[in-house]
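We give structure tokens for two forms of one protein chain below, kept apart as structure 1 and structure 2.
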Structure 1
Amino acid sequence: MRGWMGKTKVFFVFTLLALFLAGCGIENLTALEPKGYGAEKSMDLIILTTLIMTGVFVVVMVIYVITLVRFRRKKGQEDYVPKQVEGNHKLEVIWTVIPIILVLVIAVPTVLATFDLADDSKADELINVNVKGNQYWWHFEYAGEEIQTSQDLYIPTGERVYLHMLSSDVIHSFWVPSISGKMDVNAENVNTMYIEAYDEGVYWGKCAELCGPSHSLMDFKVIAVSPEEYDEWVNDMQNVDADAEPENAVAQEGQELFEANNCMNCHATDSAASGIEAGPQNNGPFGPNLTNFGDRSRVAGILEHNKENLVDWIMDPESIKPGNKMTGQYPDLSQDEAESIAEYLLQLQPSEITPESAGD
């Protein structure tokens, strides 16, 4: 008995150690450290259900262990025939009724939270963003603001932002674990959800529905800044001068190459380009909007934001995101040409408000 208890203790310590090593994940990605309204609601229910279920598990395990210790066949008992018990009404009623009560305890807050998170009655008065999911990038259009951007979604802290989501190809799923649970992005109907971030920060977003080879590389960011900074950002984005000439010569050459190599067919550098509409038709842009590309948090959503990675991407996107739709859409470029284009893109910085403003 003592030896057995000792083994359990060792096992327990190992389990705890493993959990400790794994931690709770990294900040602004993990759902275990909620930093927004939806994530908090989910976390409340996760904690409630975990506690109740752990209680059930403990009861089961106590009976289980006692049974195995007490009723194991011992030497000399080979011929012993235990009493053949048919059942026990009282016990059976107990283990039917108690679970029903526990289920009700979970069901009520679940239903309340489900309706709470689906509430879009005040959407008209708040910020609305049309989200379009594409293989393998995200497009954001701020309704009524004439602002378009891609990959980095800027929102003010402490405010609900309504997302109206539609896919241009297959099903995607919009998930920013630290701020909110996920919702699918379908091709046939607009799904609406809201997010609200409590603190400033750059939050990791993931695509959570299998959407092709680069499903695991379809990351994006939600950049939560203070309401004042957000207003400033909106103002800056609305006043982008699309025809502005870059200051340095390399970037100017890059701009010319950008125009000469069909990049403009898919990529706008003007934030106020025509909006996307709800509905099954695919009228969205074919490539990410690059208006504030210089301020992006990542290249292609996943790589560190520097010139080297950007050049790699321009030279051979297939090696970075297999199955992407940019490969083969433009003439082959030399290293120099790609560097010039990168130089041009990286100086597209219309706003002072950047991921750094959110503390990244």
Structure 2
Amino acid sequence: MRGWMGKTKVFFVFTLLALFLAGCGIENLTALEPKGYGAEKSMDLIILTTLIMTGVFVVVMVIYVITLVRFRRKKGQEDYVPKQVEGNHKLEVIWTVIPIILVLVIAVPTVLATFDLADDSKADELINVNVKGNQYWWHFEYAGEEIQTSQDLYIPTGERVYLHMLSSDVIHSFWVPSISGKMDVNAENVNTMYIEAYDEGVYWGKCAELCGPSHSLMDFKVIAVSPEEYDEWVNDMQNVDADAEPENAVAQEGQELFEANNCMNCHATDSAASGIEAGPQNNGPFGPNLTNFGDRSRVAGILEHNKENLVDWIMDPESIKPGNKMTGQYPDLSQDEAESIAEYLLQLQPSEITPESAGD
């Protein structure tokens, strides 16, 4: 009796825990609330396969219960042998044909959706972005626009944006659950997909392929704005003055330290700097482009965007993202020096079109 009660309690606790965890999540980081064409296609397939699997489960359980009740052993019939159906051709045809039909019902829409989402026949007419996956950050070059940025990908709503993806190191996977499906990012070949967001907003992206100790921290954002705001953002980024003097003395000191401590060897503060080619022969920039760093919503892709977190990142990036390529690439800095550099970076705000204006 105690054993039965104990199992019931465990089942009850796990059921409550499952219901509680089902309500956890981050807005704009779910495939169950599609806000883009690719995510909508995926959701249609999820619903189709769930309905079919649920139907199969219900039919099997009904047959199981009927069999359990009707053909159970009854008192006085211990030696009764029911009619055998072994070799029944009708049954064998039924349980062979029906699964084949169900597989086809799932496979055909899946294949059609796969080819649809991989169709790049209209790429030359629309926005194209070369995407570079790195441990553990993302780099974006807008083809034909002379614009480069990292971590935040700006796109216009209601328009397809073609992404040509390549890795500079290991295999990554580009995934923005709310607006698109996944695509592997390899070092040997360019994979192409397109994304399209219906509504303005900040959509969280993830690397969906285990790529090292900080794989789970390889976050990025897709900033969807109106076409008019997107054109304004493009114009602002194309007219960045990388030599502009910071607003205050602390930031000016930070700019000098940024240049003196080899930061410029890895990071650009000019949106047109350090061209990236879609091919394994060119690994692109070693560190993220920082042209619009002050406009971003996260430090290192994961921390709240404030000076304190930025200073912590500069002082000890390894404690935040183990295995990152920034660790050990510059001389040790004092707290004051790190704060000056942080002050300078937070002033890199070339545009009024930001994640906040998109509804972050």
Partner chain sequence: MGMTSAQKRGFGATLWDWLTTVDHKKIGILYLAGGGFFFLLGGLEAVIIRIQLISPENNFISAGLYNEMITMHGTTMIFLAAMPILLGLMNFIMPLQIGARDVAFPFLNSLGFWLFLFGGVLLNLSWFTGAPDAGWTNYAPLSIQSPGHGVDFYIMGLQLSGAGTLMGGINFIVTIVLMRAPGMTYMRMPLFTWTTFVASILILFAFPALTVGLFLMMFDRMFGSAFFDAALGGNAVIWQHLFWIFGHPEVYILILPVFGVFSEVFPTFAKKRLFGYTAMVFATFLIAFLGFMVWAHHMFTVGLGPVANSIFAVATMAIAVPTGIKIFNWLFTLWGGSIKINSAMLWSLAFIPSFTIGGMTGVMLASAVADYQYHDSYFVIGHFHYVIVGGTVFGILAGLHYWWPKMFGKYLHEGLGQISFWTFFVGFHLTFFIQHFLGLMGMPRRYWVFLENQGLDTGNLISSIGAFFMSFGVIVFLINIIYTTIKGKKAPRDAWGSGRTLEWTISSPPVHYNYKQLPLVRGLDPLWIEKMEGNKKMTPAEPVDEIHMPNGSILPLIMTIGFTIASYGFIYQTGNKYWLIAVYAGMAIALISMLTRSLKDDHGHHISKEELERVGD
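Along the sequence of structure 1, residues get numbers from 1 upward. What you are looking at is a predicted structure, and each value in this text was computed from that prediction instead of being measured. C-alpha atoms forming the largest set that superposes within 1.5 Å between two forms make up the rigid core.
A.B. asks: With each form of the chain shown alone, which structure should be assigned as the form predicted alone?
C.D. replies: It is the second structure that is the form predicted alone.
A.B. asks: Can we say the CA of residue 171 moves by at least 2 Å between structures 1 and 2 when the core is superposed?
C.D. replies: No, the C-alpha moves less than 2 Å.
A.B. asks: Is it true that residue 123 shifts between structures 1 and 2 by 2 Å or more at the Cα, once the core is aligned?
C.D. replies: No, because once the rigid core is superposed, the C-alpha of residue 123 moves less than 2 Å between structures 1 and 2.
A.B. asks: By the 2 angstroms cut-off, has the C-alpha of residue 104 moved between structures 1 and 2 once the rigid core is superposed?
C.D. replies: Yes, the C-alpha moves 2 Å or more.
A.B. asks: Once both forms sit on the same core, give the Cα displacement of residue 76 between structures 1 and 2 in angstrom.
C.D. replies: Spelling it out: core superposed, C-alpha of residue 76 shifted, distance 6.0 Å.
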